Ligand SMILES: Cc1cc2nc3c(=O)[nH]c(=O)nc-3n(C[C@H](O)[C@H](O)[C@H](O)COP(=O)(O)OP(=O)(O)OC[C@H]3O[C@@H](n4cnc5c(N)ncnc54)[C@H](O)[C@@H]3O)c2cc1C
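As a starting point, one isolated chain is supplied in structure tokens, in the form predicted alone.
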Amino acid sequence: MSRRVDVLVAGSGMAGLVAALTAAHAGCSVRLISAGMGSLALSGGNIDLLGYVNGKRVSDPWQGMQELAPGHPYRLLGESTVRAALDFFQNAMADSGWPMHTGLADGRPCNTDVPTILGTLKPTWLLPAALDPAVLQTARRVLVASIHGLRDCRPSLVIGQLRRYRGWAEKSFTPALLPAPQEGAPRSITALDIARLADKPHTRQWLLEALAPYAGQYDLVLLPPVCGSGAEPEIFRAMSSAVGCPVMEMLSIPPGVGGLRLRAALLRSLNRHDFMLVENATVLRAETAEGACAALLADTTLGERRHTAKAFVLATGGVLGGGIAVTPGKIRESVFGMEIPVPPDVASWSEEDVFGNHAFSRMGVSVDGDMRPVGQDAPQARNVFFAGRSIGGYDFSAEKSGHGVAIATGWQAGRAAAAVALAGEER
């Protein structure tokens, strides 16, 4: 690319999109390069801030943060910064037409236990405003519905599992299988297939008609994530109107319909700024000189391309995202080649218990409170910042903290990169 921008962001997951939006909102020209859809393609669409600490569920994430290790991203940033990042994110989502809110317990914000298609409950902090978390506690008559051909959601399984939980055992459940949108479909359908049909009024009608016979009989309807693939609240309103009660979606396995809604809303906000998205571009390496990064080199369908900027945010993900490269006995950050310190005994990287405290899950780039990389092998580049899963010190899966850390570190990295770019700190 010939044009030099203020801030270049690598990675289009939650951290990369928030970093890009933060820098753009500060008045920077921003280019985001991405090899694919990012982690949002796997996401359920809610924002998990902090659900567990040391294996114990927490209702108040802010209290739980005090028990985290000093090197955890939340501890590096501090509560006030994490709160500011979440405020920025919520304002951006509201401006984009997809507002999000927090559940309440005794009038105080708290995590909400959201059902999954496996019948488990997952603690989450922010939900789309189209979903009412209070109804999960107050509903007594619950319809659990799926769709013929959608193998991943079995209402009877969901009901059997939910009855194990206090507060759910006394509810009256009814399972239902709604008719498939087409007879004789050539393959199994996914929630995303149904959600795309629900995007348009004329193709959504079959689902509304399938729900209509249950109208007026229930306090809550639980569905797979099928209420549209975009960030469009009116689809939820149409579904709720068809059954005469609130409709909520159960969290599901990929494809992440809810995550695609978050991505759509964030891109909607970004496109109001001086912003460019470059897809199908894999970052290969960086060029540095005189204490700064000058460019990132990316492999594209048109060959290798050089992207220049005044400041850079690396949100390239962890091992699965390609931001962290693993070889026998070694782990490296994939763009700058930073070696990440790990125990010499590879067997100690994990525990026998699959749900145990695995060291490999916390491995990543060490950063300071401004998201600059630190350590003996860190690049001597004052205009480089990291965000999201490429950062070490936390276990997003065990903690249920993935999107929360992504938003907080993305906001801080985007803010720091914008400050460098606008101050003219460049090579």
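Numbers follow the displayed sequence, beginning with 1. These numbers were taken from a predicted model, which means no experiment stands behind them.
Here the subject shifts to the form predicted together with this ligand, a form of this protein not shown in this document.
At the 4.5 Å threshold, heavy atoms of residue 414 stay clear of this ligand in the predicted bound form, well away from it.
With a 4.5 Å cutoff on heavy atoms, residue 398 does not count as touching this ligand in the predicted bound form; it lies far away. At least one heavy atom of residue 122 is located within 4.5 Å of this ligand in the predicted bound form. At a distance threshold of 4.5 angstroms between non-hydrogen atoms, residue 408 is out of contact with this ligand in the predicted bound form. Here is the short version: of 364, 402, 373, 51, the single residue with a heavy atom within 4.5 Å of this ligand in the predicted bound form is 402. This chain is displayed alone, yet in the predicted bound form one of 175, 99, 254, 109 has a heavy atom within 4.5 Å of this ligand; that residue is 254. Every member of the trio 36, 47 and 321 reaches this ligand in the predicted bound form with some non-hydrogen atom inside 4.5 Å.
Contact annotation: this ligand lies within 4.5 Å of heavy atoms from the stretch 308-316 in the predicted bound form, the single such stretch among 143-151, 129-137, 308-316, 160-168.
Scanning 267-304 for heavy atoms within 4.5 Å of this ligand in the predicted bound form gives 281, 282, 283 in sequence order.
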